[in-house]
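Just the one chain here, the form predicted on its own, laid out as structure tokens.
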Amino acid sequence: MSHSKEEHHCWNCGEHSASERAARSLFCQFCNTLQAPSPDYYRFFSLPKTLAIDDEALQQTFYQMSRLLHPDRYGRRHERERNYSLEATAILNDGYRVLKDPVRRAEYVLRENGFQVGEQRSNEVPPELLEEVFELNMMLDELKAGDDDVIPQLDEARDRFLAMLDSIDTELDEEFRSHDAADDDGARMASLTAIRGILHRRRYIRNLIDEVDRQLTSRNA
């Protein structure tokens, strides 16, 4: 299947680039003027739309672009270019914060593909955790009632949940690679659905750990 090439017209010199690489560039290939930045984080960083990314390469790109886009470099340039510099710097920082974090990166890709994420169904207990959560809530109630004898049990429960997080992160990484290897839209969407479920479990467990930490900290204060 053939795809039409994307064209980009430079706002400064009026020249246009039909090549995909030039059209995706932040700078005009003819006059080197800063162009309007894309709000798409992957496009901005010139990355393929994959969930598994090279963290070191992302960091290097971030540092390079930070130097190229710093507003101080555009103090004497056209107002439009100065504004693009500020806009691009904001996208650079936000995009780097999202893409370097596997969970935020997955949530971003899910949103881009029409999935609702975040606090959706955050109060639902994953079925495999029902017993663990029931026991944890009982221990927390006892702690709140003044029974410090449950503190060692809470510490053990916290360690178990931390181990679950490690296991989930491994599962998430495997699903990232499954998504990236998918050769059709149906398989990719099925993988994203699985990733959303993994993130839901991860978020729930993270909230449990945070609650245990809050209660233990409050007790020791």
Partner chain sequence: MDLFQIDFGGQASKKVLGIDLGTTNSLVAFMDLTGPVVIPDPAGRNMVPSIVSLSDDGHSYIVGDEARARLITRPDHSVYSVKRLMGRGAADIAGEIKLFPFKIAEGSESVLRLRMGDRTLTPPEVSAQVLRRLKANAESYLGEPVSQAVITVPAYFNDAQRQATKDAGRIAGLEVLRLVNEPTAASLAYGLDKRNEGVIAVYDLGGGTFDISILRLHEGIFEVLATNGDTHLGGDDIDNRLLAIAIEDASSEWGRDISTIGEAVQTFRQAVIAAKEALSFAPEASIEVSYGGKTYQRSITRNHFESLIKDIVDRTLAPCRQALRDSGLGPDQIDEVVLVGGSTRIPLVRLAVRNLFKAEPHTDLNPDEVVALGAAVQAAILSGEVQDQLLLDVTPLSLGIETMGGVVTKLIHRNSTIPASASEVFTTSVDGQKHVLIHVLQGERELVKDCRSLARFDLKDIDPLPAGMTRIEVRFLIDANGILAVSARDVRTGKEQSVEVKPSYGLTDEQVDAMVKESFDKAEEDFRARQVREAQVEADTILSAVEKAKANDAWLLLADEERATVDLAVNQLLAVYHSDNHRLILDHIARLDEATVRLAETMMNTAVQDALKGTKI
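Since the structure is predicted, the reported quantities are computational estimates derived from the model, not experimental observations. Positions refer to the first chain, counted from 1.
The same protein also exists as the form predicted together with the partner chain; that form is not shown, yet it is the one meant from here on.
Engineer: Would all three of 67, 73 and 94 be in contact with the partner chain in the predicted complex, where contact means some heavy atom lies within 4.5 Å?
Structural biologist: Yes, because 67, 73 and 94 each have a heavy atom that approaches the partner chain to within 4.5 Å in the predicted complex.
Engineer: Determine whether any heavy atom of residue 86 comes within 4.5 Å of a heavy atom of the partner chain in the predicted complex, and answer yes or no.
Structural biologist: Taking the distances in the predicted complex, the answer for residue 86 is yes, it comes within 4.5 Å of the partner chain.
Engineer: So in the predicted complex, does any heavy atom of residue 27 sit within 4.5 Å of the partner chain?
Structural biologist: Heavy-atom contact with the partner chain at 4.5 Å: absent for residue 27.
Engineer: Taking heavy atoms and a 4.5 Å cut-off, does residue 12 contact the partner chain in the predicted complex?
Structural biologist: Flag for residue 12 set to yes.
Engineer: With the cut-off set at 4.5 Å between non-hydrogen atoms, does residue 161 touch the partner chain in the predicted complex?
Structural biologist: Residue-level check for residue 161: no, no contact with the partner chain.
Engineer: Of 50, 38, 60, 167, which residue is found within 4.5 angstroms of the partner chain in the predicted complex when only non-hydrogen atoms are counted?
Structural biologist: If I apply the 4.5 Å criterion carefully, the residue I get is 60.
Engineer: Note which of 101, 112, 81, 147 lies within 4.5 Å of the partner chain in the predicted complex, where distance is taken over heavy atoms; exactly one does.
Structural biologist: That would be 81.
Engineer: Of 186-194, 150-158, 169-177, 52-60, which is the one stretch near the partner chain in the predicted complex, taking non-hydrogen atoms within 4.5 angstroms as near?
Structural biologist: It is 52-60 that comes within 4.5 Å of the partner.
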